[in-house]
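Coming up are structure 1 and structure 2: the same protein chain in two forms, each one given alone as structure tokens.
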Structure 1
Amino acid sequence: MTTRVLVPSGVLGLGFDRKALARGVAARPDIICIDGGSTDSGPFSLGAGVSKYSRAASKAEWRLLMQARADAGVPLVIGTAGTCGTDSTVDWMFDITAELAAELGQKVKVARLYSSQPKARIAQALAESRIAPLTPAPEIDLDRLGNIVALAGAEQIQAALATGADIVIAGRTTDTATIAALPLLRGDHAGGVWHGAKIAECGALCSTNPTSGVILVDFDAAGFTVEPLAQGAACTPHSVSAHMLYENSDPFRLYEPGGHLDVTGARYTAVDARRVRVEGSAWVPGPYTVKLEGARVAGYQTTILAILRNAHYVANARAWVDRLTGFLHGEIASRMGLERDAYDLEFRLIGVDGALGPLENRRGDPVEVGVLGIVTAQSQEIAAEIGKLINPFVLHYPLTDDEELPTFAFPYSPATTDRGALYEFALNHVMRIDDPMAAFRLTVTDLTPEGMA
């Protein structure tokens, strides 16, 4: 049996080729799957329980996918809804779905798969030695942890599909789970399914036109075939095989709940100028574990931005910042009575080494340098107060004592911005569970144009 999966894009909110999507619907897929997020953008979305992506953009794209689902008459599945997959973002995506069902006049059954983990469950698993650290992994401090999610696998998506849902809105899932679920349920080659799901999870990134979005994957008893649907896009053995390097520490192995994928023996063959056939991938069963992700508040931040254009200061920006930093630490201590371990003050030189800091090995002659000051403290009030204290010195501070007082530029007023909570990842562990649904829950709702039932 062949299972055809349509993947409109690497993530909802990124955009896709509408004509390519129409071609995908015309190809009669068995299911439409799309990812809703990841940890790529850092811990903020998980910590705050909010989506990184615009609600308007998400709704506009989800509208097209709900229409495509209705035309194709197949399930529509989104994983890691709302970027981070917390219960709050699953419900955020459900609200969008309910609005669209009313606007489009659609009657749909929606299954919500929740992935958030109560602290009591984590504490019990710790007591029973069912949690193991990955590398690297911080010490688990349950008192400081905020949102915690477990990454669902194919089995949890299969349970959601078994409800007869037209639409599945899943919390945090592995990137491959939504794509792998139906082909595995229908008995397609397990190694080929997990490999094809990995190749397809970022949409057309496995093709020669990575921004075009839409791809089609056919799974069967021996492997899979992948094809991009945008005009001018093509999959090649190189573009497909290279995707195993993407977001993966081992280009030959990929770990999932219940085992791992081994592509050591995979063979990539060009079927024609657009399609690639892959066979030889293996699925190796193992213990059933789910990855845990968690975030906690690490402090509160205020930022300040100044621009240096005076050639003397541009050329000596690092020396100026080093001198300024030492001076400011003294001012903060004398005026606010704060020890150095009560706050963090960092300056990044945009245009010099703002991204890499001391690791930067390329040098040039910038016309101007942006000086980004980042203040982190245990409360927003303290961070904001430090920001205001350093403000006049970031605007006027000399490189040496015997030169005139310079004036730099603030690009906006006020010069400081209170950023709120700073989050950090606080879990990188796996939890062993005997029943795949033991750490997850399902809610099924019938939506009608008139409301919910």
Structure 2
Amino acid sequence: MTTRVLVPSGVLGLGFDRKALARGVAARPDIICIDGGSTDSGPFSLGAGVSKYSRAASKAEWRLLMQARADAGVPLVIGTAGTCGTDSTVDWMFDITAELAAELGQKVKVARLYSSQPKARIAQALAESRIAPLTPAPEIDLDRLGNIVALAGAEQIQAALATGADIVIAGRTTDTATIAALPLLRGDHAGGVWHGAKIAECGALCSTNPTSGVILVDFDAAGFTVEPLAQGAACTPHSVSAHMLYENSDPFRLYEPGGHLDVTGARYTAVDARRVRVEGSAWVPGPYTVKLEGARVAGYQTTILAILRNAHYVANARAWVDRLTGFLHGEIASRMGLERDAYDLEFRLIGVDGALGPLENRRGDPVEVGVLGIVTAQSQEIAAEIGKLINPFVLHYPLTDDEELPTFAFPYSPATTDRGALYEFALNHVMRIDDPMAAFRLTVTDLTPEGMA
């Protein structure tokens, strides 16, 4: 059975072409799927359990998608809601949905799929040897772990759809799971389904017009056909096959719960100037494991930024920060009584090696150098106190003892900025489960324009 999936864009919150979305609805899709997140912006979202995207942008786009769903009369699914897909961001997305149901006068059944993992479940899985590390994996330190999520696959989305939901708000899922769920349920070619889902998960990134968003994929018994819906956008065998490179460490294999996709034998052919047909991808069943993501607090930070424009200091920026750092460690020890291992103080030279650090192999002659001081300590109070202590020296410290006190450029007052918690990713593991729903839970709510039924 052919299954037609409409993908409005690669992620909710980045925008899409409204006319292309209308064309997608007119093409009578069987389901509308969009991704709501990724780890790409770093560990903060997962660590804090909040969305990275603005509520206003998310709500404005979700409004259009809820209207498209009502017009098409098919389910609307969002995966990894609220960037990180914790229970808190699923509920954030649900609140937006409830507001919109009221504003749009819609009556909708909403299924929430929760992916957050209690520590006790991880502890039990560890005790039963059901957790295996991927490469490279941090040591698991359960006491220090904060938010933990498991990445749901197609089975959990299918369970959510089986509730008869009009809208599924899923916590952390794999990038492909929401798109793959319905075609797999209807018996379409598994290799083609997972491959097509991977191609479509970034929206129009697989086409010649990456920012246009909207993509339509037809899955069937032998493979899939992909088509971008924006005017002037085209999928070519090259644009589609090249998408397997994107953010994938292995362009031929993709691991999912319950197996992996192998696209070594995939054949890409142009159907016409804008559509591409793909056949020959294989699904290789394996043990049912779900990937885990976790974050923990690694400290609290305060930063300071000074700009060196004086040519003498620009030319000697490295020597200056080395001398300054040594002096500051002494000041921090004598005035605050803090040993060197109780905090971290680092100065990065923007204009010298700010982006690449020790890997930088070019030396230039910069006009100015930004000196970014980063203090990391066990509490925000200590980090802020160190920031205040070093502030006057970052402003005035001389390169040698026998020169006048310099004064550098501070762009801000106060010169220091408290950044709050520094989170770090603390899991790169998979967990084996016998029942796909053993690590996930579903809640179904009927929303009416007046509120919850």
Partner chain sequence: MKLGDLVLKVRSKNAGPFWVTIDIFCDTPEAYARVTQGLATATVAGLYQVPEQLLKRFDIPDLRVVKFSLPRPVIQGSAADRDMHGAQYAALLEEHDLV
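One-based numbering along structure 1's sequence throughout. Owing to the predicted nature of the structure, the values given are computational and were not obtained by experimental measurement. Heads up, when I say rigid core I mean the largest set of C-alphas that superpose within 1.5 Å between the two forms.
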Legend entry - Of structures 1 and 2, the form predicted on its own: 1
Inset, instruction - For the rigid-body movement between structure 1 and structure 2, give the member of 298, 248, 232, 241 that sits on the hinge. - result: 298
Legend entry - Swing of the smaller rigid portion against the larger one between structure 1 and structure 2, to the nearest whole degree: 7
Legend entry - For residue 365, CA displacement between structure 1 and structure 2 after the core is overlaid, in Å: 4.1
